[in-house]
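Starting off, we have a lone chain in the form predicted on its own, written out as structure tokens.
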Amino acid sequence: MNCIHFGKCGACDLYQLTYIDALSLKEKRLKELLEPFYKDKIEIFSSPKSNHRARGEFRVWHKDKKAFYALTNLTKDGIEIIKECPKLLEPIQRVWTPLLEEINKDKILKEKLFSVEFLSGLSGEVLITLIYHKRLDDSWKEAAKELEESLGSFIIGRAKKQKEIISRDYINEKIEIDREYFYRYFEGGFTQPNPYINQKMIKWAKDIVKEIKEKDDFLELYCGLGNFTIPLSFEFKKVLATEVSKTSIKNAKINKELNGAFNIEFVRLNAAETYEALNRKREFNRLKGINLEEFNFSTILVDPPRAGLDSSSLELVKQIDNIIYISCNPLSLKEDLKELTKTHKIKRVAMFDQFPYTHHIESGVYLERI
């Protein structure tokens, strides 16, 4: 990928290397971190070099009565006006320039516009959120409706304590693994930023699950909108998936219906609460109607935040025979593996290049009970 902003914009900090060299650098770092626990081959899943990012958040910079896209610069002491961003998915590229042109033509759309957020996917739909430092009135809604029609995209306006949806606040996405899976991605919810890598991550996890001989029930912590839960659910008898975000659980239940994955129970619990519930330390009204005694978990998937697993989550994970750990931070992964490898052995490790041209490493580890 070539970009005129390499070395100036702070979004890509491995700009000075070729894609292959940057990938090799990250592989080497992951190997070094995991060496105390695992010395075998790491599976490497590469990304398209460009047009791979499904989300984009840009500040709007006002200069000489015009609006420009902007990002924090590489030295983080100012901004870089952005004229191109080759990493964005093609559907976003399609509306990138026309959107800014229309904003600059219309005073109502441009005035006090603070930032623009894009959300798209492989299905091609685009959701655009315009964020303002002003109240959005009927004249703004009228201008935004015309903008939505001209771009063939979905427009949302946000201001302090205000959200204006012109037609809808989500996009539909389709992911193809062993069959087609359908998702609804809502504005403001978490979605995987690289849909090409996301497919590879799900397939990697599903291939592991298919090889497990005794797979009764499935437990997932940090399930989000059901990204992993739904494809993996078809390999198990029953599924319990927990997540702390109300928005994500609501979204996950919609995605469950879209896919007919009726063996899943999505419950709003954080990881520590899930541990307390499953170990009968505490009862929760949110589990009303769900008999935990009926579950016999053989496999667990965790996709924790950058801090990794807390102590109670680690204890819960260690109780399950098969562990699939998706990590967005190899440093916290290393710390968690110090504990997990006391009871389990690492069988497979993968690196997923979710964020090309950055130092960020996404990885997956599969462990079996010793």
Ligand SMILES: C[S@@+](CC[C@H](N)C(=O)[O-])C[C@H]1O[C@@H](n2cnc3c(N)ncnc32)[C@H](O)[C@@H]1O
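As the structure is a prediction and not an experimental result, all values here were calculated from the model. Numbers for residues come from their place in the sequence shown, where the first is 1.
The same protein also exists as the form predicted in complex with the named molecule; that form is not shown, yet it is the one meant from here on.
Work out which of the listed stretches, 216-224, 70-78, 147-155, 113-121, brings a heavy atom within 4.5 angstroms of the named molecule in the predicted bound form. Contact criterion met by 216-224 only.
With the partner left out of view, is Pro305 within 4.5 angstroms of the named molecule in the predicted bound form by any non-hydrogen atom? Heavy-atom contact with the named molecule at 4.5 Å: present for Pro305.
How about Ala159 - does it come within 4.5 Å of the named molecule in the predicted bound form, if we only consider non-hydrogen atoms? No, Ala159 stays farther than 4.5 Å from the named molecule in the predicted bound form.
Though only this chain appears here, would Asn270 touch the named molecule in the predicted bound form if you measure heavy atom gaps against 4.5 Å? Close contact exists here: in the predicted bound form, Asn270 approaches the named molecule to within 4.5 Å, heavy atoms only.
Interface membership of Glu243, the named molecule in the predicted bound form, 4.5 Å heavy atom rule: Residue-level check for Glu243: yes, a contact with the named molecule.
In the predicted bound form, the residue from Gln192, Ser233, Asn255, Thr299 that sits within 4.5 Å of the named molecule by heavy atoms: In short, Gln192.
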